[in-house]
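Just the one chain here, laid out as structure tokens, in the form predicted on its own.
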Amino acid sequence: MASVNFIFTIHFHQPHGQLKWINERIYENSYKLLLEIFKKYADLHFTVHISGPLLLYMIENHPDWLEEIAKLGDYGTIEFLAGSLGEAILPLLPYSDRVNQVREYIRLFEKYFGVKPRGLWLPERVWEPSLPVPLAENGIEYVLIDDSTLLRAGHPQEDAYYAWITEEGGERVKVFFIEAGLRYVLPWSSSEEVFNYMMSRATDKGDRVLVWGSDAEKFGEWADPGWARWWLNDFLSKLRLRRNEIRLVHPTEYLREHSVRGLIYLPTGSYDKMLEWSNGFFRNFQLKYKESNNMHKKMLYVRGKLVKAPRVPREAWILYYLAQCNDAYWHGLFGGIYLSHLRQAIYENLIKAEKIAEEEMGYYEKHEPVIKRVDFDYDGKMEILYESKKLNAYFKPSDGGTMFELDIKRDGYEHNLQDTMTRYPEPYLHDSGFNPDWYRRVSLRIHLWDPSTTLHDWINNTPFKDNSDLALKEFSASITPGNELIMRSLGGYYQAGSLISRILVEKRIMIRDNALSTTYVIENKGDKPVTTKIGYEYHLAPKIDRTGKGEPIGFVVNGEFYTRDNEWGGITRQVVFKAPEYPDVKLTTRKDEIYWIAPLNMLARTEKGFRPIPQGVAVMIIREKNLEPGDREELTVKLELL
């Protein structure tokens, strides 16, 4: 009689930094439903992974749910999988971080469940050949990855229906393969269609295994909870009756009965859609998204301080590991890196960990501030890092002399005010009319706009409105004995592709306490007049209240409050940005100027459809000028945390 083994793996995960109301909705719609199903079918065998960030959340908010699901593990219904504490993409991390991410997860899991998992759920199933070493060091016996990785190694599909063993440097781990075909029919097809699919893989020998592994949210969150409950009851009740044909087993049960097929070597890989989104290699996200690379390199920079400090409390390392949570570092069809609250949580943790490390290593004992030239983003060009006990400000002379990070380090208010997101040309936005950004949406960038340019042109990227090359020009940088940063560049002003005049730009930046003051000097070095709108650009990321207290984020101009969804254009000398439970942030000029203020929104795809996702608030200070040869224009802008 033909039969097949079936491993039914459900992955519970919500990222570190998720909005509390979303976590609670998913808990009500999906997680409670699945616990109910596990109890009802306790005679069957399920495989479950609860991610580190979600496990920490449930310990704090729903310990009863964890207690009930732990009992099902004791009873033998559930076999639990380990993971990484921060649900981090392990290959992106230094070797010791890979080891410790898994070690800290196991430590946390054992504390609350009293048992050590033998297998591991690999975040986003991102596999690289070096992984057996850190997994084996933690006593992990097996891992689940996708059959696409097997196929990329040149193996036939039928090899995906067995367990294998792989090694790196003599360290071994067993491998199961999640079958993409099964993942696309379960639960989207009827029970009978799923059973027919499974039985098409069955053999008389009965030693094959079909592995399904995917998100818990498919049951009750991404689809109607009533439908999910009906489908699971229908599927599992019928599966009980077909247990001689389709044996629902745990991975360790399968290994005990059938062992492994043999030795195998695998290339880098992930599931099919991830390979599509990343052009075949997950690390490509760091090349596509400067913001992803920024977070990753900030993580490595903070790590450098942690390892140099003589005594770092475990709390700092936990903050650091949670800042490696994968969701904010990439983008596919859904929010990902465009979800500003996830990026915010990454920086919040990194800044907190950095502060602890700096205190332990006496970072500012000899002098404050610390100003250094570092190739921070690993592109071969030097950035300027200004660091003090109160804030960090990072500048990139090679990208228009801009500021790309502004970390507030005040206790309880740790936040990167410059954590705004560029809008990239995503494939799903093709033919949508959306114009992606042509420069990184950071601060201190200079534009010489065509006089006809409007606020709408600027924020929506109407082509060919900036008549100069200064926005993307490389600037020279020097630091005075008084810690003033000076950046200069000589660019051109063009019309119809022809050079009209040379324009010198100088930026003099002083930082005091929680304030950054920038004096801009624009000088016409040519022999022809230039009629333009000079634009001084800032982008800010107000702090989001992730607990959901409902107070709006917005800004105050001339005594009137506007939510961040509003555009505003007019005359003022001050804009105050307001966010719940966070100090005001003020942007000021010495006298009245033209201000353009607009929401920086990305049209992103979510599991609920397309919607605009806020990425920050954009401000352009405008001066309409006719610069005669030799004319010199000066403006000072102050940005401060109140």
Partner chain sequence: MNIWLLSFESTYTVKVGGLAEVPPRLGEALKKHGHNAYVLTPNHGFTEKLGRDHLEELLSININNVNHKVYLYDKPPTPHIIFTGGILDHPEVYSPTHMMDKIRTWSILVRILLEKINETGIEWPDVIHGNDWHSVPVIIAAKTILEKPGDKKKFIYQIHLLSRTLLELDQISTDIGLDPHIPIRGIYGWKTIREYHELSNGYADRLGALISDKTVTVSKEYIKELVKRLGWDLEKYFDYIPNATTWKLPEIINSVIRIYPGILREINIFKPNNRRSLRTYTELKALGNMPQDEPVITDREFREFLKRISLDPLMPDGKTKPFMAEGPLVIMTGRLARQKGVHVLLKSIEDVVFNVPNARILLLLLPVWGERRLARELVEAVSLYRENLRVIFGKAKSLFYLAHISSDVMVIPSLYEPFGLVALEGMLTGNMIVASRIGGLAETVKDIHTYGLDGTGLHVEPGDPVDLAAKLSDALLFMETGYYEPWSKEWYRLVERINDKTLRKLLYSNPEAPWIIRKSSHNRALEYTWEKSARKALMIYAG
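From a predicted model like this one, the values you see are computed outputs, not experimental measurements. Positions refer to the first chain, counted from 1.
There is another form of the same protein, the form predicted in complex with the partner chain; it is not shown, and what comes next is about it.
Residues within 4.5 angstroms of the partner chain in the model of the complex, judged by any non-hydrogen atom, belong to 254 to 262 and to none of the other stretches in 352 to 360, 367 to 375, 254 to 262, 515 to 523.
Contact annotation: of the candidates 95, 334, 75, 184, the single residue with a non-hydrogen atom within 4.5 angstroms of the partner chain in the model of the complex is 75. Shown without its partner, this chain lists 208, 290, 488, 118 as candidates; in the model of the complex, only 118 has a non-hydrogen atom within 4.5 angstroms of the partner chain. Although the partner is absent here, residue 71 sits close enough that one of its heavy atoms falls within 4.5 Å of the partner chain in the model of the complex.
Interface residue remark: residue 389 is not counted as part of the site for the partner chain in the model of the complex, having no heavy atom within 4.5 Å. Using a 4.5 angstroms limit between non-hydrogen atoms, residue 243 touches the partner chain in the model of the complex. When contacts are judged by a 4.5 Å heavy atom cut-off, residue 576 does not count as touching the partner chain in the model of the complex.
Annotation for 23 to 46: interface residues with the partner chain in the model of the complex are 39, 42, 43 [heavy atom within 4.5 Å].
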